[in-house]
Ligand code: OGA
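This document starts with one chain, in the form predicted alone, laid out as structure tokens.
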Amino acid sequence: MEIVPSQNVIGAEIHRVELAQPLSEAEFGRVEAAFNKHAVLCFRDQHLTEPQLIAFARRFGEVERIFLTHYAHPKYPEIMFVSNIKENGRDIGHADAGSVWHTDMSYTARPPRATMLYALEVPMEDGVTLGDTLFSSAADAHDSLPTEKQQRIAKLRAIHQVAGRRARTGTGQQDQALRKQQPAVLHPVARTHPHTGRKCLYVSKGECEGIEGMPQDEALMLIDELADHTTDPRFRHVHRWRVRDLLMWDNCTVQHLASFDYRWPKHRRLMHRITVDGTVPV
């Protein structure tokens, strides 16, 4: 096994490993340590069945089932389709996933530790891969704040709501009925990583609609300021997809954004997504 860090503050590729075969305890220990350190890991050229993907994810924790059940794999409800493909006029998977900077499922009481995407079809045009995924380090963003700002936000809690500002800005309109069933939750503006102990900014414009005990206008200004800082280019890493990539990321350490430079039916994109249970943010 070879771990090759990117030249950015986050991201690494792991070479010479076949995830279709169970990893030894020592091998998994290296992978998990790399995940905690680099936050975004890519395993190229993996050939995984659905049970093998689920088995690998379970090494990191309990696998979650999503509330958007109509996008779930019919035989493996742990897996969600992320796809722009339409059948009979309907999306077979979550087509607008990642349309705003966010961290997955922050609107839940126990947001996932990890998200995995396994690429089965990747959009191409004239030999060029489309549909990059951008990541940004919320940990490095927090570390770069002035001490006074870190102290100001240390005890604040933000209101996360999947049907909140994201819906009002015109994104995430699909599946609003299901989104509105999810209750709002409170999480620290700066949460502590459960494995590394690093502080990570934990707000986004997509799903944060206020801060506990703070006037709305002031709260939204602070959320926007911290969200913009989190996604500053200094803290970014870009993943350029290949078919059979397995990509995984740490939802405490990073936020991510999908680049929608492809269109159905000219371009097809199909991913299997799986999430691993996390801890209550503190």
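Predicted model, so just to flag it, every value in this text is computed and none were measured. Note that residue numbering begins at 1 and tracks the sequence as displayed.
FYI, the form predicted in complex with N-oxalylglycine (OGA) isn't displayed, but the following is about it.
Peer 1: Would Ala258 sit within 4.5 Å of N-oxalylglycine (OGA) in the model of the complex, counting heavy atoms only?
Peer 2: Judged by the heavy-atom cut-off of 4.5 Å, Ala258 is in contact with N-oxalylglycine (OGA) in the model of the complex.
Peer 1: Decide whether Thr133 counts as a contact residue for N-oxalylglycine (OGA) in the model of the complex under a heavy atom distance cut-off of 4.5 Å.
Peer 2: So Thr133 counts as contacting N-oxalylglycine (OGA).
Peer 1: Quick one: does Arg113 come within 4.5 Å of N-oxalylglycine (OGA) in the model of the complex, counting heavy atoms only?
Peer 2: Flag for Arg113 set to no.
Peer 1: Would you please decide whether Pro188 lies within 4.5 angstroms of N-oxalylglycine (OGA) in the model of the complex, comparing each non-hydrogen atom pair?
Peer 2: No, no contact at 4.5 Å.
Peer 1: On the criterion of a non-hydrogen atom at 4.5 angstroms or closer, are Gly98, Arg269 and Arg273 all touching N-oxalylglycine (OGA) in the model of the complex?
Peer 2: Result yes, every residue of the spot touches N-oxalylglycine (OGA).
Peer 1: For the interface check, one of 144-152, 100-108, 198-206, 84-92 should have non-hydrogen atoms within 4.5 Å of N-oxalylglycine (OGA) in the model of the complex; which one?
Peer 2: Looking at the partner contacts, the answer comes out as 100-108.
Peer 1: Which of these residues, Leu117, Ala139, Ile211, Val122, gets a heavy atom within 4.5 Å of N-oxalylglycine (OGA) in the model of the complex?
Peer 2: Contact with N-oxalylglycine (OGA) in the model of the complex is made by Leu117 alone.
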